[in-house]
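Just one chain is shown here, as C-alpha cells, and it is the form predicted on its own.
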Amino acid sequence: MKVNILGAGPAGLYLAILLKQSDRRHQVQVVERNAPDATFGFGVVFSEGSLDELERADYESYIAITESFASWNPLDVRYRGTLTRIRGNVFSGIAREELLRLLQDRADRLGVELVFEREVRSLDPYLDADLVVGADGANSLTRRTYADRFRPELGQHPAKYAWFGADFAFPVFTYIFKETRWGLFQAHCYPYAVDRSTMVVLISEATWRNAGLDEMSEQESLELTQAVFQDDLGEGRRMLGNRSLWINFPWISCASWHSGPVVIMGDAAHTAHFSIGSGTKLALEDAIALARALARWKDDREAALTEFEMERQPVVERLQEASRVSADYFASVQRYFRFQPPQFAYQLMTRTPRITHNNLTARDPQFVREFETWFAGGDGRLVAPPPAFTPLQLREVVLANRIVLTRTGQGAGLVVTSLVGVTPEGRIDPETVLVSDLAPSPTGRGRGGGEEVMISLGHAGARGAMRPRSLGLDLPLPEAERWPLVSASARAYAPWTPVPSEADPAPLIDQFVAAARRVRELGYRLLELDFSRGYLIDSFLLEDRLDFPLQLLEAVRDVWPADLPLGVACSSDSLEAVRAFKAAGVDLVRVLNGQRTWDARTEYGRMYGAAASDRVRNECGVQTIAFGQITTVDEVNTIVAAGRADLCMLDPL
C-alpha cells in the first residue's frame, strides 16, 4: 500500500511507524512544511496510563519515550498566597522537540520516507496514493479541502492563552492563580526536563486588553507575563518564549473523518482543550486505531476507515465534552474566589465528571480526610462524615444530610413535594394535591426530625387542566373537564394547549399568602414557591416582568416566620431575578432548567443540572439544590464538596 501522510507531528510520525512496522512493503511518505528540528511550544504532558496503548503498539518507541520522561506525583495549587498539595496525580513530561526526534529516528530506521521543508499547497500531487492521511493540525489543509464531506464544526473559546517556558523545572504540576490590577492571570506549569518547564498562561480577553497585551510585541508580552509570575518563578529565574503568541483555543469537531482515500486524524479532526492535557494522547491513539483497522481490513479500505471512525469518534466526543467543561471552569474560575483554599483545590480537581469524591479519595486519602474535617466544621476531629452526610443549617432548621428526595421514609435530609396547588384552578392535572388537602407535617408541629419536608407551592398557569402525566406531558383534558386557566398573557403554553386568560395579580398574591399560612399551621418548617418550568409565576419571568413575582415573594416572606427558611424553584436563565429573590429573603434556590417553553431543549446527561446550580450558587451567593440525573451518593459528595450546590436531589434508579 502506498500512503502519503501530510504532517510530521506526533500523529503522522506514529502512524508511519505503525504502518511500516506492520508491513515493511508499505510505501510510507511523511511530508512536513517545517525543518526536522523546528518545533513550537515546549513540553508535552501525559497522565498516568495514557501511554499504555503505545506500549502494546510499538514497544521500542514506547521505551525510548518513557526513558526521556520527567515524572512527578503530586499536584500543587497556588491560590491567594497559599499552597495546597494533592497527591496521586501521576504525570510525565517530555520536550516536544525530543518526542519528535525520537519518533523521527524510529520512522527513519523502519524505512519511512521523511520529507521536510516542503509546503503542501494542494492535495492533488498526493492523491495517487492508496491512502492520504491529513495529520496536518488544527489549520488542516486536508480538512478545508474536503470540508463539504467532513462537515467540520469550528469555534473558538473566548479566553486567550499563550505557551511559555521556564528556565528551571517546577517540582510538580502546578496551577498558579495571580490577581493583578488588569485581571486574573492563570498558569498551568509542568516540568519536562531537569532544567525546563512549560507554562501555559490563560487570561480573559478583558484582562488581555486591560494589560495592553493586544498591542505589545512578543518580547514585551513575555516581560510583562514574567513580572506577573516572578514571585512564583523565584529570584533570577526567567520565563522563555518561542512564538508565544496570545490566541484563542480552536474548537474543532467533524461529522465524518474520511472520504474515499482521504482520512484525517489528530487536531485536523478534533481538538481537546489543553487544560485536560490529552491532545497528543488522542492523536497517538488515533494513529494506533487507524493502523489497527488497516491491518484488519487489508483488502477493504472503506471498511477500515469506517471502523476507525466508529471506534474513535465516541471516545473523542466524550473527552471533548470533558475538555469543554474544564475550559469553562477555568474561564469562570473567579466565581470561586470566595472559597477557602481546601475547597478551591477540591473544586479544581473535580471540575469534570471524570474525577469524583471516591476517585479523589483513592488518589489522595489524606487530602480528602483533611478536607472532610474542614467541610464538617474544622474542629480538629479525626473522623468526619462525608460531605453528603454533613448537616446543613437553614436559618433555625438543621437538615441531617445533603440528600433531597421526593418521598419520605428514605433517609433524606430533605423531602420536596411535587407542586401543591394554591387553588383548584392552579392544578396541573386532576391528581395535583391542593394545599387544602395537605396532611399535617410528619415531623410534628414545629419540631425537627430525621428528615424535613418542604412544601412546594405553585400555580400551573397555562400548563394547567392537563391529563395526568402518566399519560403524557402537556396533554389537555377534554374541554368539558377543563378549569379556567390564567397566565401572564393570553398565550397558550403550546400550539395544542388551551389559551389562558390574562391573570389579575392581586388575588393571586392573596391565594399564595393564605396557602403559606396554611402550610405553617400544619407544622411544616420549610416552604418553596415554584417559579419554574413555564408555570404561572414563570410566565411573568419569561416576559421580564419581575415586579409581580417579587411582590408575591415579599408578601409570602412577611407571613412566613422569620426563623424559618423560604425557598424558590426557578431556572438559572436570569441571575438578576435570583439576586432579587435573595434580597427579598429567599434562603434556598432549587435550580430547575427546561420546560419553560414547549419547544425548550435541555441537554440531558450525567449530573446535567450541577452546572446550572453552580452558576446560581456562586454568582448570586445563595444556597442551592442541584437537580438532574444525580444518581449516586458519590456524585452528591462531589457536587456538595466542590461548592456547586448545598443539597442534591437524588434521582431514583
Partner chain sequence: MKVGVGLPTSTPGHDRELLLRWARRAEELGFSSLGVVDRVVYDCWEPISALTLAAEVTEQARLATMILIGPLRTTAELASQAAELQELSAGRLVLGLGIGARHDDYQAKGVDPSRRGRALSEQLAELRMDPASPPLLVGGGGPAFLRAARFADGYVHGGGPPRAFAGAAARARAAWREAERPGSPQLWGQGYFALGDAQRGADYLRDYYAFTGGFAERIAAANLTSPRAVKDFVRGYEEEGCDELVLFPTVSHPAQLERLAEAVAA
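Note that the coordinates shown come from a computational prediction; the quantities given were computed from them, not determined experimentally. Numbering follows the first chain given and starts at 1.
The form predicted together with its partner chain is left out here; the points below concern that form.
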- Within 4.5 Å of its partner chain in the model of the complex, heavy atom basis, the matching stretch of 23-31, 591-599, 66-74, 615-623 is 591-599
- Task: Considering only heavy atoms, tell me if residue 137 and its partner chain come within 4.5 Å of each other in the model of the complex.
- Result: no
- Partner proximity in the model of the complex: residue 476 to its partner chain, non-hydrogen atom cutoff 4.5 Å: yes
- Task: Would you check, heavy atoms only and a 4.5 Å threshold, whether residue 344 touches its partner chain in the model of the complex?
- Result: no
- Would you please decide whether residue 501 lies within 4.5 angstroms of its partner chain in the model of the complex, comparing each non-hydrogen atom pair? no
- Task: Tell me, out of 380, 81, 495, 236, which residue has a non-hydrogen atom within 4.5 angstroms of its partner chain in the model of the complex.
- Result: 495
- Residue among 313, 356, 204, 244 with a heavy atom within 4.5 Å of its partner chain in the model of the complex: 313
- Item | Heavy atom distance at most 4.5 Å to its partner chain in the model of the complex, all of 302, 306 and 418 | yes
- Query: Relative to its partner chain in the model of the complex, which residues of 451-466 have a heavy atom no more than 4.5 Å away?
  - Reply: 463
